[in-house]
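Encoded as structure tokens, the following chain is the form predicted alone, with no partner shown.
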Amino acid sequence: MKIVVVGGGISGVSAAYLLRKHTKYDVVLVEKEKQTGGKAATFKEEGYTIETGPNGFLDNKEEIKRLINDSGFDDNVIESKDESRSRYIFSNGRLYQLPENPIKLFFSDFFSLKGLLEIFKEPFIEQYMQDETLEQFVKRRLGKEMLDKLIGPMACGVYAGNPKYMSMDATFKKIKDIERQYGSLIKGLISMMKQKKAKASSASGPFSAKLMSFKNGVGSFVNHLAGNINRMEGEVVNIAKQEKGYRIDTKRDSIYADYVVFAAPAYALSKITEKLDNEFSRILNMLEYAPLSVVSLGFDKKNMPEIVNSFGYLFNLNDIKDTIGVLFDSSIFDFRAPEDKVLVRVMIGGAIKKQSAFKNKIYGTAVQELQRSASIFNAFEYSHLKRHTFAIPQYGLNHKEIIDSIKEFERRNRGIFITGNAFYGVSLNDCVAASYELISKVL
């Protein structure tokens, strides 16, 4: 019995690894690129360790820790440095440090008096049970200032997303469910604290969980997993039902399988399934992606401002020109830059500024932003650019329709399984968790 896994990103590689380890099937991974990992790629150059995609994972989910242990990669795990826990928001011409306890924000000058009044009115806002966009939810319950200054920037940082189109149920369902259950976020949090659930709730937050990575970057873990998998290079262009199983056509040849796992991007899967199920292909094509240019710059550490010792910063939505986030990678993890150097990553574009990702003078754009918002005037000594035309999938109000369509497609086509960050979460944790869920479905 043979299983073919299509797509060599973290979703496909982790799925193929787990299938090979926990089943008796012959597992083959098909990937069009020579290198596995997709956007989760790492390379070393001039003493710098460059991440072209995610730089780590939060330690608040068990699945990825289980996979690391299962594959014998424990010795390569590293923690982010404590000093890098400081995060900032650039707003109204200055950088504001975000306290680890978000409540302290309400007692600072981060929000205006008008903004605070909007927030404190939240318990009296009428409950709304249906799905809505992130912008609609936050403006309705907490006010526009909360959206612009805090929630919107975080959505840019995690999803490279535009709050105008992001579905609450698809991206922040736990928060939306608090309103559904308690009628109010503030009332719900107070009730949860009384029920001694506050600790469990906060443990899943981005400020309480520890950011982890690997000595040689995220790509090293993906390559480690891929080294244990039978791999075939080729671009899949079509799938067809056979009397038993499926025929998977690449541009060069065909491969036959009893079961097929798709871990490909939605736009690629749409083309592959067009002949098999035209309506399903059409629905997949509805899923949009945000483009992103990742600009990595290396600087001499001398005369650099104190901000470079932090995690990085995001932007008030009203202060975004082209850049949606800045990360100081050499301050977050060890082994990212030579001892006397600083490595900075500038994220340009995203769903809010799509065209900015394709600017010609992209290094100038990055430098101007670092000068404006971080007062970094040193000349960079190293540079690298990675453009992602399709960087991060965007979960809009139609995402439930897409997921329902996947389930129906799998029901009609027994033996085909679909996973990946286009559907079940965009983080490394989400992708690995979906792979474990996939194993149970296959078995």
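When you see a residue number, it is the position in the sequence shown, counting from 1. Quick caveat, the model's predicted, so the values are computed rather than measured.
Note that the form predicted in complex with a small molecule isn't included here; everything after this is about it.
Among residues of the shown chain, residue 19 is not one whose heavy atoms approach the small molecule to within 4.5 Å in the predicted bound form. Under a 4.5 angstroms non-hydrogen atom cutoff, the small molecule in the predicted bound form has residue 55 among its neighbouring residues. Proximity of residue 399 to the small molecule in the predicted bound form: non-hydrogen atoms within 4.5 Å are absent; the residue sits far from the partner.
Although the partner is absent here, residue 427 lies within 4.5 Å of the small molecule in the predicted bound form, judged by heavy atoms. Every residue of the trio 9, 12 and 39 has some heavy atom no more than 4.5 Å from the small molecule in the predicted bound form.
Contact annotation: of the candidates 255, 268, 226, 146, the single residue with a non-hydrogen atom within 4.5 angstroms of the small molecule in the predicted bound form is 268.
32 is the sole member of 32, 384, 387, 65 with a non-hydrogen atom within 4.5 Å of the small molecule in the predicted bound form. Partner proximity in the predicted bound form, defined as non-hydrogen atoms within 4.5 angstroms of the small molecule, places exactly one of 313 to 321, 76 to 84, 100 to 108, 231 to 239 at the interface: 231 to 239.
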